[in-house]
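In structure tokens, one chain follows: the form predicted on its own.
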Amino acid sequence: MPKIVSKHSLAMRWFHWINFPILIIMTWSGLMIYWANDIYRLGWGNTTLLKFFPQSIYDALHLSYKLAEGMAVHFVFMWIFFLNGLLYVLYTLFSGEWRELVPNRNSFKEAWLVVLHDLHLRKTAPPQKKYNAAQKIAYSGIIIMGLGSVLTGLAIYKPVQLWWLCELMGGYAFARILHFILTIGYTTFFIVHIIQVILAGWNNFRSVVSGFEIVQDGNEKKSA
């Protein structure tokens, strides 16, 4: 017999959905900034295998010649991103929900089993509660990445005024490439997360909107 089960608190849902448009806007404005000095590529010497990003992409998205606009938008939404992330961390600490998110000593082993199950190379999934081991590692890692993005972003935005932070981040050049890598990481996480949500089905998505899900007695719950 189906029953309604509480899954996500209102606070967790708000933090989740507020972060969604913020990250899109910050990635968009970040591309405006990156356009002015798009030096990163995969290759060696004079050989380039992949360039991030060709001018055609900036032209198609109308991002060229918008450095000042990109910096203004990026810096404003950075503070919203930071405050939302800070409130999220404080909420998980004071509510006790951090116990369901922080990986334990068995999480990395169980995460590999989750991956094998998702790839249909293993029939049964390892036991999970609200989140499986792979989700715990991913969600905890995103928090660390968020802090890294804020610190490296401030270091490259004000390298003279915040020289001590810039030095702490390894210098301007290293802080900038680290900031870029973190952005690629966010994008990859976002794509994988969307795929997982689709695979988990409508019931899982509904729980992130309403806070509840419908489960069948004896059925194993799966979330993204």
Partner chain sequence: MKKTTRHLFANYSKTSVEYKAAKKTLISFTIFITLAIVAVFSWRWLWNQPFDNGIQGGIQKPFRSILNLNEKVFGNLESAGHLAKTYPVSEAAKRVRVNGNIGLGNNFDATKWKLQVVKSSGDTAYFTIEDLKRLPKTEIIFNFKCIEGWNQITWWGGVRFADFIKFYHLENESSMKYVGMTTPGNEYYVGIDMPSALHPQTLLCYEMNRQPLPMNQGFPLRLIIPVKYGIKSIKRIGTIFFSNEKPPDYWFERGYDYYAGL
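Note that the coordinates shown come from a computational prediction; the quantities given were computed from them, not determined experimentally. Positions refer to the first chain, counted from 1.
A second form of this protein, the form predicted in complex with its partner chain, is not displayed here; the remarks below concern that form.
Given a 4.5 Å cut-off on heavy atoms, tell me which of 164-172, 42-50, 183-191, 55-63 is the interface stretch with its partner chain in the predicted complex. Heavy-atom contact with the partner occurs in 164-172.
With its partner chain left out of view, which of Y88, Y131, Y139, F77 would have a heavy atom within 4.5 Å of it in the predicted complex? The residue from Y88, Y131, Y139, F77 that makes the contact is F77.
Taking its partner chain as it sits in the predicted complex, is S210 near enough to touch it, meaning that at least one heavy atom pair lies within 4.5 angstroms? It does: once its partner chain is placed as it appears in the predicted complex, S210 has a heavy atom within 4.5 Å of it.
Do L151 and its partner chain share at least one heavy atom pair within 4.5 Å in the predicted complex? Taking the distances in the predicted complex, the answer for L151 is no, it never comes within 4.5 Å of its partner chain.
Would L67 sit within 4.5 Å of its partner chain in the predicted complex, counting heavy atoms only? Within the cut-off, so yes.
Does V73 reach its partner chain in the predicted complex, with heavy atoms at most 4.5 Å apart? Although its partner chain is absent here, V73 would touch it in the predicted complex, with heavy atoms inside 4.5 Å.
Taking its partner chain in the predicted complex, which residues of 19-43 have any heavy atom within 4.5 Å of it? Stretch hits, in order: I25, W28, I33, A36, N37.
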